[in-house]
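So this first bit is one chain, no partners, the form predicted on its own, shown in structure tokens.
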Amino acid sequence: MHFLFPLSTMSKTIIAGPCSVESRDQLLSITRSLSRIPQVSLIRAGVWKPRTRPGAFEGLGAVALSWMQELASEYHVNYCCEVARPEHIDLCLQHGINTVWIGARTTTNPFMVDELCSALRGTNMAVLVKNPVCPDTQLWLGAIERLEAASIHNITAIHRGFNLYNNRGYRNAPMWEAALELRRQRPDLPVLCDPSHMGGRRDLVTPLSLIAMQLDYDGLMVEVHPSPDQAWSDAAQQLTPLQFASLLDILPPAHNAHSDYPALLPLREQIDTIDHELLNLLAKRMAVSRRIADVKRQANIPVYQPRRWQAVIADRLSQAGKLGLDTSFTKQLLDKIHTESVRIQLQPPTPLTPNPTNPT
């Protein structure tokens, strides 16, 4: 059965299952549990596992697909698994797997994506595309566009976070703004959140899922295992079926977005007015920066004045704190304004336009 995303405008797509298939008994156990949860659309089950270092469990391969094919018929469920090579797609098709996902490592490599596109061309598969390991929205979008060029149109993006030097307590830093940018560029594209790989710990799965729902994601992809602590991979981030059911119970109900909700209209008018005032003030600030540039050139003063900038930052952050503004956000905003001011001051002076009636 071919699976389409999303199910409807009034429902969320929920994908759940173990990081990897470890045995037929394990797959049977989780399939029984998840088949009883009506919200579950697909059961995820890793068959080929790209591991960071050699020697880790890398999946059971085709034998696990045969178990999935058998249990799909018995329990009336649909499975999906990760693919990284063209032969993986062929094996999935042979075993009735009609939904696959492209992992973060593979998304990073356009050559590998091209090979998968060649294998997918002409099939009726649904494809989930995880964000690349690095925070590059264009690389993520590029993988999706390659699939579309191969006439694959049943595509869903998976936001699983990004690997940074400092992930701030997460396995992969959420960087929600990167996914929001993808959604801005492609509002037609369904986007699911993978809170398991994002958090890396089961206690973070629920709060991350709730944030994703508040950001109106189209659903979730959650790792669920019969005995997470004994899992052969990703043990720390997998939920038990009971924990997963509890998570679903507290998710807000799906609804259509009411962008014209009456109580919002006057508040949005205030936001519009304030935004216009902010832009006018920014334009005035940059005009002053141009005048400062003229003075600095005449006096042969360097554009960047670190002592002055540190004083400005200290003063503005102090004011931001008193006003109840987040100082981290304020610092980022001021840095961007300062960068633009420096850029303006580094521009060469605009030459005077000669007067054709008085060339002298």
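Given the structure is predicted, the values throughout are model-derived calculations rather than measurements. One rule holds for the numbers: they count along the sequence shown, beginning at 1.
FYI, the form predicted together with phosphoenolpyruvate isn't displayed, but the following is about it.
**Q** Quick one: of 146, 95, 105, 186, which gets a non-hydrogen atom within 4.5 angstroms of phosphoenolpyruvate in the predicted bound form?
**A** Checking each option against phosphoenolpyruvate in the predicted bound form, the one that comes within 4.5 Å is 105.
**Q** Work out which of 170, 217, 162, 101 lies within 4.5 Å of phosphoenolpyruvate in the predicted bound form, going by heavy atoms.
**A** Of 170, 217, 162, 101, the residue with a heavy atom within 4.5 Å of phosphoenolpyruvate in the predicted bound form is 101.
**Q** Does residue 88 make contact with phosphoenolpyruvate in the predicted bound form, using a 4.5 Å heavy atom cut-off?
**A** No, residue 88 stays farther than 4.5 Å from phosphoenolpyruvate in the predicted bound form.
**Q** Does residue 130 reach phosphoenolpyruvate in the predicted bound form if we count a contact as any heavy atom within 4.5 Å?
**A** Close contact exists here: in the predicted bound form, residue 130 approaches phosphoenolpyruvate to within 4.5 Å, heavy atoms only.
**Q** Although the partner isn't part of this model, could you tell me whether residue 19 comes within 4.5 Å of phosphoenolpyruvate in the predicted bound form, counting any heavy atom of the residue?
**A** Residue 19 belongs to the contact set for phosphoenolpyruvate.
**Q** Spell out, yes or no, whether the shortest heavy atom distance between residue 50 and phosphoenolpyruvate in the predicted bound form is within 4.5 Å.
**A** The answer is yes: residue 50 has a heavy atom within 4.5 Å of phosphoenolpyruvate.
**Q** Among 313-321, 42-50, 28-36, 55-63, which stretch has residues with heavy atoms no more than 4.5 Å from phosphoenolpyruvate in the predicted bound form?
**A** Single hit among the candidates: 42-50.
**Q** Quick one: name the residues from 219-245 with any non-hydrogen atom within 4.5 angstroms of phosphoenolpyruvate in the predicted bound form.
**A** Sequence-ordered list has one entry, 223.
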